[in-house]
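There is one chain below, alone, in structure tokens, taken in the form predicted alone.
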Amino acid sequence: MTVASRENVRRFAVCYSGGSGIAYGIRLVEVLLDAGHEVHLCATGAGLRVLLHEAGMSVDPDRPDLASLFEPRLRSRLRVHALAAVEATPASGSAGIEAVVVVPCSMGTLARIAHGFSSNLVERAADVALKEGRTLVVVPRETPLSALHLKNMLVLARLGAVVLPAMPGFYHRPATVEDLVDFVVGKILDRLRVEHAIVRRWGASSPPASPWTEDEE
């Protein structure tokens, strides 16, 4: 992956809510930091519980050390904020946050964002992205979807948000769970206009290192 030069460093906010799929959020932050960008990270209480159940990572809910999820070499560009810190950088329209990604995005968080009900930093960061006309990506995984879920997603889409369900493709012949995670994360990075090589693009002649062999091509 290309590492951003100092003048090309971009600022993103990534938020974990209580939906299933915390692996997508962890991987996204890892890739953004590895590319040299600055990431502002926040998680809801339910998001922290999902972190424990799905990733086996236990953090103190009162003082979550989310930086410990990532390699020490990446942490200098990571800013972790408390959920109640509505004065934090992602809550300000003038802070220069280029895009906000809620991944995973629970249906409750999605509904509150869609209807402007900001009760914490995650929802406020998303609300700011919408009002400033900046990129907002929400990554729900809920299935099946009720009519209410679909209605709220349509509201967000009409407001300019990118609704990007965690639906991995299979045409790239994934061999591991990590391949499936990277497929969705790659889609998020594309919407953020962040260069990456974590997935093989359709028709690419020189794919990144992968488990596929020429016989399978």
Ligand SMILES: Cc1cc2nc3c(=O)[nH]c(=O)nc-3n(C[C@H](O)[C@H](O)[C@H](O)COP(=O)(O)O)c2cc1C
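None of the values given here were measured: they were computed from a predicted structure. Residue positions are given as counts along the sequence shown, with the first one as 1.
Same protein, other form: the form predicted together with the named molecule, not shown, and the subject of what follows.
Novice: Taking the shortest heavy atom distance, is Val50 within 4.5 Å of the named molecule in the predicted bound form?
Specialist: Residue-level check for Val50: yes, a contact with the named molecule.
Novice: Could you confirm whether Leu180 comes within 4.5 Å of the named molecule in the predicted bound form, counting heavy atoms only?
Specialist: Output for Leu180 is no: heavy atoms all beyond 4.5 Å of the named molecule.
Novice: Does Arg134 make contact with the named molecule in the predicted bound form, using a 4.5 Å heavy atom cut-off?
Specialist: Looking in the predicted bound form, residue contacts with the named molecule do not include Arg134, since no heavy atom lies within 4.5 Å.
Novice: Give a yes/no on whether Asn152 approaches the named molecule to within 4.5 Å in the predicted bound form, heavy atoms considered.
Specialist: Outside the cut-off, so no.
Novice: Choose from 69 to 77, 90 to 98, 140 to 148, 126 to 134 the stretch whose residues reach within 4.5 Å of the named molecule in the predicted bound form, heavy atoms counted.
Specialist: Partner-contacting stretch among the options: 140 to 148.
Novice: From first to last in sequence, which residues of 71 to 110 have any non-hydrogen atom within 4.5 angstroms of the named molecule in the predicted bound form?
Specialist: Counting only heavy atoms within 4.5 Å of the named molecule in the predicted bound form, the contacting residues of 71 to 110 are Ser106, Met107, Gly108, Thr109.
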